[in-house]
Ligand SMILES: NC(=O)C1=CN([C@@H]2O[C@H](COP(=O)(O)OP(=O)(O)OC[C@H]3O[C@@H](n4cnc5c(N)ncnc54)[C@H](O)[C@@H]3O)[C@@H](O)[C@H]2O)[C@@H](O)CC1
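Next up: just one chain, as structure tokens, the form predicted alone.
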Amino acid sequence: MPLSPSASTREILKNVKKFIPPLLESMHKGQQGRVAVVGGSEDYTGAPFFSANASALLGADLSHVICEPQAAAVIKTYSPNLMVHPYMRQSHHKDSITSNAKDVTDRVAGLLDRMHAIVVGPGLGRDGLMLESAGLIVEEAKRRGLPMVLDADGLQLVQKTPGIVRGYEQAVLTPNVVEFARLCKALDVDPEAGEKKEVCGKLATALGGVTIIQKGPQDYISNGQYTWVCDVPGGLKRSGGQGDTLTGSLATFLAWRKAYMDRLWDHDNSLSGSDLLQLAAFGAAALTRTCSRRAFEKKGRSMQALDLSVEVPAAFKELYGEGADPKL
């Protein structure tokens, strides 16, 4: 692993910085990002919290968690800064209000209208009703043209039914090495046919141009047309939950992408929508790796997911700073 990022990585990070919105008195609540994390089951409450918390710590104005009621009661105790909606249901927790996946989706749909980006998967679990509901929520998000991040159990949806995201260029998948191999198998892509960078591009192409962040010693980021390597140094501890910092921060970058495209501040408008999506993926990967490195330097073998979360503000400042005064 390099001691410092390569010249190409540094050049990409300069472009990432271009679409990070400045903090202006003229902006109102919500314009810096409204993000929702869909996940959180009875057994898994940490993952959706870490994801939504990372989105908030990076700078999203409003971070939501849409989860199962038993998870909601716990997640609300973790932080009062997150808005927690107990709309999801596991099969053994059906009730008269939400007894099937359509009922769940109908309750969530109104929230989607207010979001800039969503994350699907953290803490979702393998329950049939939860997965079916998540699949319908993905379809609703696609109808609205919402950028989305799929990770963890959300990738199960893609593995079983690749068509759920195939051709939807607003989708970003963040598989680890095991999840990547499973996706390759589902899409008939040989993971050994070429170098990792090449295989990542093949999988993105097989999925019709979605963006893939293949996590590993270096992160490979591809939409099938071009592939970048993020060699920002990370830590050496592989504790669970680190990927949740990636998904949450990525959702915030995707929300900032919309702010840039909507011209909410004065900028040169030199970045296209497709460029911005790839840059958002790269920017979030670089941030997460920096959080991991900083946390590992302090905690070593004892590093846990929460240690990454607390490094988000410092990692952002290290990589991107606040830049020059914006043009008013």
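A residue's number is simply how far along the shown sequence it sits, counting from 1. This one's a predicted model, so the numbers in the text were calculated from it and none came from an experiment.
One more form of this protein exists, namely the form predicted in complex with the ligand; it is left out here, but the text below deals with it.
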{"query": "Residue 44 within 4.5 Å of the ligand in the predicted complex, heavy atoms", "finding": "yes"}
{"query": "Contact label in the predicted complex: residue 182 to the ligand, heavy atom within 4.5 Å", "finding": "yes"}
{"query": "In the predicted complex, residue 178 touching the ligand (heavy atom, 4.5 Å)", "finding": "yes"}
{"query": "Any non-hydrogen atom of residue 162 within 4.5 angstroms of the ligand in the predicted complex", "finding": "no"}
{"query": "Region of this chain that lies against the ligand in the predicted complex, out of 152-160, 109-117, 130-138, 198-206 [heavy atom, 4.5 Å]", "finding": "152-160"}
{"query": "Listed residue that, although the ligand is not shown, lies within 4.5 Å of it in the predicted complex (heavy atoms), from 86, 241, 191, 224", "finding": "241"}
{"query": "Heavy atom distance at most 4.5 Å to the ligand in the predicted complex, all of 50, 122 and 125", "finding": "yes"}
